[in-house]
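The chain that follows stands alone, in the form predicted alone, written as structure tokens.
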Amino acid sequence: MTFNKPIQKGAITAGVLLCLSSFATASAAADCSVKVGAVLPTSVDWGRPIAAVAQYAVDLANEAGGVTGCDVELILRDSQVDPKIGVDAAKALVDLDGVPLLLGAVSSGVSMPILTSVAVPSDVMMMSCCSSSTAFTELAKEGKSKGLFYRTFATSGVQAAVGAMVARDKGYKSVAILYKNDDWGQDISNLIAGDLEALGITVTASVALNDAQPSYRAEVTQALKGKPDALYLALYPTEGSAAVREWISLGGTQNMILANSLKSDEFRDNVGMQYLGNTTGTDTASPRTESASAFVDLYKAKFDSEPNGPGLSNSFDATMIALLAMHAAGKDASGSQIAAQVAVVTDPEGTPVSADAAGFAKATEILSGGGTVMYQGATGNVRFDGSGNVSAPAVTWTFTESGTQEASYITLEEVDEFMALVD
């Protein structure tokens, strides 16, 4: 991410804490273990559920007999959404724990330096649930990621396109952009500016915001100069809340379009529902498939709550696919050998397998026999392109007093058609 969102309150909190407490617990089913590293932001409340879902996928894999006949030990380190801390965590996992596979990170600004300074030099595969910057695509096309990077979250291009679609459908003629000054923010702001202009909508200003400033008044004043019909926000909740309060106080429009990073109770509560009535959020979505519904049932049974937090289905699929690829690669496989097996796990012509313990066991049996499988998971039948990317359907959403509600569902075909229109 590329996104910041809140943990669901109540029952899920207890479930997440219980699940996280079991990170170091290995199943007694096998007398050997394989290590997998995870660099995820567990020091922030929206990051803990993402980590808990990854651990749940590991638990299901171990229930099914593990990877190459060994239990999987998930070693978790906190990124704190900080590039330097994330890189240090990844180095420790690779150099000290010897992991050939890293799950994470979430923020693109953390994943990129891990990929370039740790994973690629050490021949370690990375599977991210949530990093969406198109910079990873460019890196792959240049051959610099060496085929080691995959992600189960669609690129920023999808959200940017949907944001532009919202502006068009609402009849806005001009839009100002406020964005977080990091890899993700710069990427998505450039993308939506291009999409808006392709639709004939004027971008009156595109202004970067840095973390932890005492005030964003100067930036907001700059964005207000063109008197735009609407404001597009690609920010995280802390600076997003502060910037929107400044925007409203200075007379800015309440017509706002939000990236998924602001799908947050914190943002809603800090700004106030009375100012968010004309706000439309955007997000990628799981397809309306049987396998996606099955994940919801699995999640509810485990955590006693709906999987409403960000990145949960993506984290589950990222972990399951990576573990199956690890199994297919065999004992003591390198990162590049594991990455090469992703294709046999997501083969459109392979045997369909479900995303649960029974499906994992079936998949490992087929893979051990030299066959291929078509993993059907929480985000549907996952397909990666040559750069390790997936595409996805999308949704628009609005705030409610208790959270958010879906406003519209946009199919993958509709997303791809619109992206071709503005390309």
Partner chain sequence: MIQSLADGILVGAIVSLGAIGLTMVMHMLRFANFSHAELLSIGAYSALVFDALFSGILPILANKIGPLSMTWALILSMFCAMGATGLSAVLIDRFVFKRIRDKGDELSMVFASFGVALIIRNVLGLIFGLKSQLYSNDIVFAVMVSSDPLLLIKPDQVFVLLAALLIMLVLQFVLSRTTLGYALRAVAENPSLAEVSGIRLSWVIALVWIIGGMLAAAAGVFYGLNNHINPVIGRDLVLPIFAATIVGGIGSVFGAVLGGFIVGISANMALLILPSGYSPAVPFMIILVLLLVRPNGLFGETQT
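Residue numbers count along the first chain shown, from 1. Only a predicted model underlies this, so the values are computations on that prediction, with no experimental measurement involved. Take the two forms, find the largest set of C-alpha atoms that superpose within 1.5 Å, and that set is the rigid core.
Only in words, not in the display: the form predicted together with the partner chain, which the text now covers.
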| property | result |
| --- | --- |
| Heavy atom of residue 202 within 4.5 Å of the partner chain in the model of the complex | no |
| Any non-hydrogen atom of residue 44 within 4.5 angstroms of the partner chain in the model of the complex | yes |
| Residue 245: touches the partner chain in the model of the complex, heavy atom cutoff 4.5 angstroms | yes |
| Proximity of residue 348 to the partner chain in the model of the complex, heavy atoms at 4.5 Å | no |
| Option from 328-336, 222-230, 159-167, 193-201 whose residues, in the model of the complex, bring a heavy atom within 4.5 Å of the partner chain | 222-230 |
| Proximity to the partner chain in the model of the complex, single hit among 298, 154, 207, 344 (heavy atom within 4.5 Å) | 207 |
| Stretch 235-273 - residues with a heavy atom within 4.5 Å of the partner chain in the model of the complex | 238, 242, 245, 246, 248, 249, 250, 254, 266, 269, 270, 271 |
| Core-aligned C-alpha movement of residue 83 between this form and the one not shown, 2 Å or more | no |
| Rigid core superposition, residue 266 Cα moves 2 angstroms or more between this form and the one not shown | yes |
| Core fit, then residue 316 C-alpha moves 2 Å or more between this form and the one not shown | no |
| Cα-Cα trend for residue 314 and residue 263, given that in the model of the complex the distance shifts by 3 Å or more | closer |
| Shift in CA distance, residue 85 and residue 265, in the model of the complex relative to the form shown here, given it is 3 Å or more | farther |
